[in-house]
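We begin with a single chain expressed as structure tokens, specifically the form predicted on its own.
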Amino acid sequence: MCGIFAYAGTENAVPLLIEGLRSVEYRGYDSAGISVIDSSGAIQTVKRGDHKASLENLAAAVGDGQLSGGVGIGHTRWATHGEVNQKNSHPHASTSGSVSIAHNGIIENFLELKDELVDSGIEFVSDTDSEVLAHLVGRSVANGSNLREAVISAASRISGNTAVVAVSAAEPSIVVGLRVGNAGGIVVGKNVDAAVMASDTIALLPYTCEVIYLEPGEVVEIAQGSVQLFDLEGSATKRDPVVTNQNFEAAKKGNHPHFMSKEIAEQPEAIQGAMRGRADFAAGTLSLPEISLTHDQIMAIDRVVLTGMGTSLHTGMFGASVIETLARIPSVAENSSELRYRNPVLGSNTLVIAMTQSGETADTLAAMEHARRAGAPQGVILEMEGSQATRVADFTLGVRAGQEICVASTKTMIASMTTLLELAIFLAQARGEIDANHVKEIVGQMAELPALVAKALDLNGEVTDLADRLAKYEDLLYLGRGPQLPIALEGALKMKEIAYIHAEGNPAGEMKHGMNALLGPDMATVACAPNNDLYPKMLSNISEVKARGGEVVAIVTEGDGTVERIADNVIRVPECPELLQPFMTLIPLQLLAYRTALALGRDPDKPRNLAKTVTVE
């Protein structure tokens, strides 16, 4: 779960590496470093391990122009093995310093390999598992292998998912990259003057819009204006590049103080992107041409399993609710990290839907592979089209929210919810559960969704005052029922992620089985209580909290005058059909977490110990 960038070309690589790392820093920012082959052919490495300041300190350290060279690699780290410090920063060097590598993933057998290398006389200078790779590659190069052969040989020795880039003083014009398993992607591109590779497409856009996504088990060798692919046997392969539709401008903050505030504000447009070309508001129809399942396959579905992690799991819970409600197919959301380990019953009549913003989440990819082996048809809902998940799934539903930079997902979730609602409508109509008039009614409601979300975003000032209050608590409880449960869980997750406050999301009906023991003046409660069929029960739950001395913030529908007689504070969201209520209650919870983080002096874009793309288990 780290950021990688490599360059081989005619310009000085140093400033280009720094800018490339800025593009992928959201994948990890515990430390940063670069290795450059200088004019003498020697590898020069500069690293910093200062957590969130690492990249800026690195940029300052190399900004005097003293270091230069046309070939180099860079890395931003999310720590797994070893503390956050300079010695554990990447790139890592072989003993002689003639090889340097940057690595993403986990080497599961690194202790065994480290013992072997130490016994052979090699001295380790870091606590990371990644340094093993540097020494394995360096030893092979010292024994006469070229860099590509050495990287392949090293990869054959390790267990676990790995993405690695390497340079060698013996071959100063090239960079070698390799991907094994689902350790995060490597994407490659070139123009006349340079070739580049990175762990995210966005870093390549200043150079080219034609890219090649490295598949697991592939090796790439880049040089000035040249990209060559190989398999793990060393045989050359060939694949045409694809044109990416990502926009480099989307990675800029504009007038917003943080990417998170920018991306929260972009949610009306994100919803529009998810509906574009699918919902015809004039005709009142909806189509999903991306779905490749036949009518017979759709009719044979007897269960839907939605899988994801974190925010994606909560999105899947919403999806399971609307699919059961509209399509009347038994549906369940499962955590990807557990799905395959419990040996689930999957088969040709089970539709598996994976949610993953990046398309690279290791556990979700593993769950998808398990589903594929079980013969289950599957789709994936994601932002990063062209990523590994799209090559595993039978069909892809892109959410088209635009590049999301903040580690904590916001606009991707709401666009994914929109896409899942479309999927539910599609399945319901295809199976005859709803007719054309019902579809027209729902599509008409969805046409109002961007405007409703924009109205909910106007709550920012009201939320700021409440955030100042919640910032004083060390423990928070979030409650929801039915379709509001995943929203409550997401609200708690956001508060944990960016404000570092212990927050638990719970089914409101579960309070009596444990949570009531924690209620009192030291724990505030946030309750999702819009006006729906479960509203009377939520009133009772709020009363339970108040009876035990707890402060309550309730999210209610406009015009509700009842809850405010019980709760300490209310946030009013626009009135809308019940099917769309989760979209309304999600917005203030995002804003509440963001504003609470600011009140506590946290950086919402770079929460500690987290990264955007989770490529380790």
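One rule holds for the numbers: they count along the sequence shown, beginning at 1. It should be emphasised that the depicted structure is a prediction, and the values quoted were computed from it without experimental measurement.
From this point on, the text means the form predicted together with fructose -6-phosphate, which you will not see here.
In short, of 525 to 533, 349 to 357, 438 to 446, 199 to 207 it is 349 to 357 that has heavy atoms within 4.5 Å of fructose -6-phosphate in the model of the complex.
Taking the partner from elsewhere, G310 is found to have a heavy atom lying within 4.5 Å of fructose -6-phosphate in the model of the complex.
In the model of the complex, at least one heavy atom of T361 sits within 4.5 Å of fructose -6-phosphate. In the model of the complex, fructose -6-phosphate lies farther than 4.5 Å from every heavy atom of Q267.
Among residues of the shown chain, T418 is not one whose heavy atoms approach fructose -6-phosphate to within 4.5 Å in the model of the complex. Comment: fructose -6-phosphate is not present in this chain, but in the model of the complex one of V132, I414, A488, A408 has a heavy atom within 4.5 Å of it, namely A408. Of the residues L423, L452, L493, L306, just one reaches fructose -6-phosphate in the model of the complex with a heavy atom at 4.5 Å or closer; this is L493.
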